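This document opens with one chain alone, in structure tokens, the form predicted alone.
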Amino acid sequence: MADNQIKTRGTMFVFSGPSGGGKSSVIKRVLQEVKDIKISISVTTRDKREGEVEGEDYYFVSDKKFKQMIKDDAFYEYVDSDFGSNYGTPKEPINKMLAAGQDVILDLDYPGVQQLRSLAGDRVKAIFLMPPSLKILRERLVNRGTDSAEVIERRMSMAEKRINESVFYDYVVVNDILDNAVEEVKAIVIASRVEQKNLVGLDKMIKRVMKDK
């Protein structure tokens, strides 16, 4: 780019919402329809499943490596569990994307959003995908046919907690009609790219505009 052309610094867009709320569908469409935006790849200590690819689905590491990454302050956020697999959001690949002017999508629950905000501040935009009603959410969980009745009840109980947390997000998008939800999210991303704080080289652009009388 020319020296007097504005560049945009990247932003982290964090998506949250209850299970069955449609995060995966919205994220998939945004990645397909918006340029210069990629999804963050998490680090995990769980075993690789059939068909999964290192660096595309996850970065697979040992428990020892994960704990070393915590000591090295290599995560924006992480879950360090003594009773299950660990997951974390690595800083290095995200920082490279942001520095290149690319936006990054993350899929996190509210504790992860809090950790991310504490380290990245205004580089983070938190988006909550709200179901139109608990009744419809339950119907979606039942219709997808992947969970037992007991699991669905647990998911519904957790959904109420997640929905109450929506007041702490920057944006709340009701995912009733998928196309509409996707358009609203795309508008959030595009608007962020012209926020004054995200424009690098604005001072040079102003000088050029003022000079060209």
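It should be emphasised that the depicted structure is a prediction, and the values quoted were computed from it without experimental measurement. So that there is no doubt, residue numbering starts at 1 and follows the sequence shown.
Here the subject shifts to the form predicted in complex with guanosine-5'-monophosphate, a form of this protein not shown in this document.
May I ask whether Ser42, Val79 and Thr89 all come within 4.5 angstroms of guanosine-5'-monophosphate in the model of the complex, judged by heavy atoms?
Looking in the model of the complex, the three residues Ser42, Val79 and Thr89 all sit within 4.5 Å of guanosine-5'-monophosphate (heavy atoms).
Listed range touching guanosine-5'-monophosphate, judged in the model of the complex by heavy atoms within 4.5 Å, from 26-34, 144-152, 45-53, 175-183
Every other range fails; the passing one is 45-53.
Please run the contact check for Tyr169 against guanosine-5'-monophosphate in the model of the complex: heavy atoms, 4.5 angstroms, yes or no?
No, Tyr169 is distant from the partner.
Can you work out whether Ile127 and guanosine-5'-monophosphate are in contact in the model of the complex, taking contact to mean some heavy atom pair no more than 4.5 Å apart?
Residue-level check for Ile127: no, no contact with guanosine-5'-monophosphate.
Partner proximity in the model of the complex: Leu108 to guanosine-5'-monophosphate, non-hydrogen atom cutoff 4.5 Å:
Taking the distances in the model of the complex, the answer for Leu108 is yes, it comes within 4.5 Å of guanosine-5'-monophosphate.
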